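Two forms of a single protein chain come next, each set out by itself as structure tokens; they are called structure 1 and structure 2.
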Structure 1
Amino acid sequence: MATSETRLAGRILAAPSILLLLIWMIVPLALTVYFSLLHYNLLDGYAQSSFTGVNNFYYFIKDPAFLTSIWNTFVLVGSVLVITVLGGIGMGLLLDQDIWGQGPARIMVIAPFFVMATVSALIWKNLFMNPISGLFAWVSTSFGFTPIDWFTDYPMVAIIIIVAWQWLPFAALIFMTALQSLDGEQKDAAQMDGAPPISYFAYIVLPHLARPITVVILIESIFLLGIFAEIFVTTGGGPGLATTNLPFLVYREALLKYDVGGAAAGGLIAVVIANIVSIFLTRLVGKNLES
């Protein structure tokens, strides 16, 4: 009974959130575009700013730090995606088995996802990756190896390990949920027919997981493109530029170098990259909405 009165009520009740999100989307973005065209130093103030056209983009892109940061961003996002998707499928399959203590095991696996980024980064950096008293150093020395100085020699690998640890639970949880919806009879039939585990995996499990895998990749990408806190509290983008990703470069331009124009230009580049991912995700979710 969708009366006109109901429809009107629907519009009125949806209006505040639509309006707020519209403002939230348009105002900052418009300001970013505007700032990106200005020569604007935070210390000099807005009154001292002047129009400079596309110069900010020119200098931001020409800065060697830009290409390095783009490369770092993709290395970080790509590596974490590979680790979490492969590891997540493995863990999801295990948790879907008929095992003792499935509940507690699941709780242990999901836990890292709830740990705030600043905590996991600092715990890993100090308690585990410290080259002298860290647990990893102790394990290496016990086996007769020289301990690795993670944040000096392999800073990006260290960040990747921390971030992958945070996101593996998410992937595992999604895949486990998807596997549970796999038809039980189909599982049994495959087992009765004596299908070897590999073909069972390749012909039944993997096709069933195609969609969840896409979802995990897209959603993780959106979060991983914005990784900031882990870098902020561990390496500060260094040594040199070794762990400076795009968000961190923008932060550095704006709040450490006070170059609002340059940072805004960098921010817009981040928006473009994120949008490429979000187009695919939105389309996927939209398809699901119809079914």
Structure 2
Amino acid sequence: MATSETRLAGRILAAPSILLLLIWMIVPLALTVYFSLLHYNLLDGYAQSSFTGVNNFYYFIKDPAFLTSIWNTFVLVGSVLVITVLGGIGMGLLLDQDIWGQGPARIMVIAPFFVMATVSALIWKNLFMNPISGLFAWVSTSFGFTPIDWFTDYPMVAIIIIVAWQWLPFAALIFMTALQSLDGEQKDAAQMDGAPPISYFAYIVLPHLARPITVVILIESIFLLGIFAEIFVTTGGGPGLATTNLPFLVYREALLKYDVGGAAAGGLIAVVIANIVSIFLTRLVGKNLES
């Protein structure tokens, strides 16, 4: 009897917070669905809006920029994942070694992860990749080469570098922590058997990192699908559509074209795509954790 009363009391106490959370999530979603069914332009005002059904979804998908934005989104996410996973494993292996200054080195490696995305993009744009006064331009001219205008000639590569620099410390921290939990007996046995470094990495380290790798891929993918600040600060989605991903396309519809209905439809499409990717990755992680 006491158990049922305790459960009831717990549910009553938790009900307000759960209700608030539901309101916090459902109200914006409901408004987004509502606006996606309207022809609503900010310049005309809400009074001039009219019901248009699923036309906003149709026109958003038929927009020539839609497929380009999908492609750019997956190129950005996939490239950053490859760089951060491979680079994170390498950095994790280095930071796991007993070296002088190990503590400060770990702090310096992790530090970029705590830099705000806008600040990071501005630093890279003005201090590193500026074709006139940037560090890369100075290095190029010092060796007699022509400086590269990164955001004009290689805009997507520039965005990938900036985003990967931000997320590489996260992956390195996860892998370093996983390596510290590696069984010492396995290390000693490999050393006693005279296993070469490549075999030790392939048969002991890499299987041990299988689960951390899937977790890093899952967490990073969820956040990378919503990359916006780096593109807004550096390229503005250009040149042309070269760096326009799905979130930036939604922003363009809402605040550059003032089309609230089209932006709401695009936002819902982006949510659906993000959920599909998240479900796929969650199942992948679940299978890995069960194995």
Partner chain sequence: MARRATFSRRVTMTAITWVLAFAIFFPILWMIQTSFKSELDAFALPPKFFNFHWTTENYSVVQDRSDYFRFALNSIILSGGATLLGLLVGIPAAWSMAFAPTKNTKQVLLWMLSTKMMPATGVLIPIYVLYQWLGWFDTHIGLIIILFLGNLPIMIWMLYTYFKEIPGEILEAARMDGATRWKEIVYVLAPMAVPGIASTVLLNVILSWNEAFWTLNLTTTTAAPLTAFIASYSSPEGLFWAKLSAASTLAVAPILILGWFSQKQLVRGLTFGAVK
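Here the rigid core means the biggest group of C-alpha atoms that line up within 1.5 Å when the two forms are laid on top of each other. Given the structure is predicted, the values throughout are model-derived calculations rather than measurements. Residue 1 is the first residue of structure 1, and the numbers go on in sequence order from there.
- Here, the chain labelled structure 2 is taken from the form predicted on its own.
- When two forms of a protein are overlaid on their rigid core, residues whose CA moves 2 Å or more are considered shifted, and V271 is not one of them between structure 1 and structure 2.
- Superposed on the core, the two forms differ at A9, whose C-alpha moves 4.1 Å between structure 1 and structure 2.
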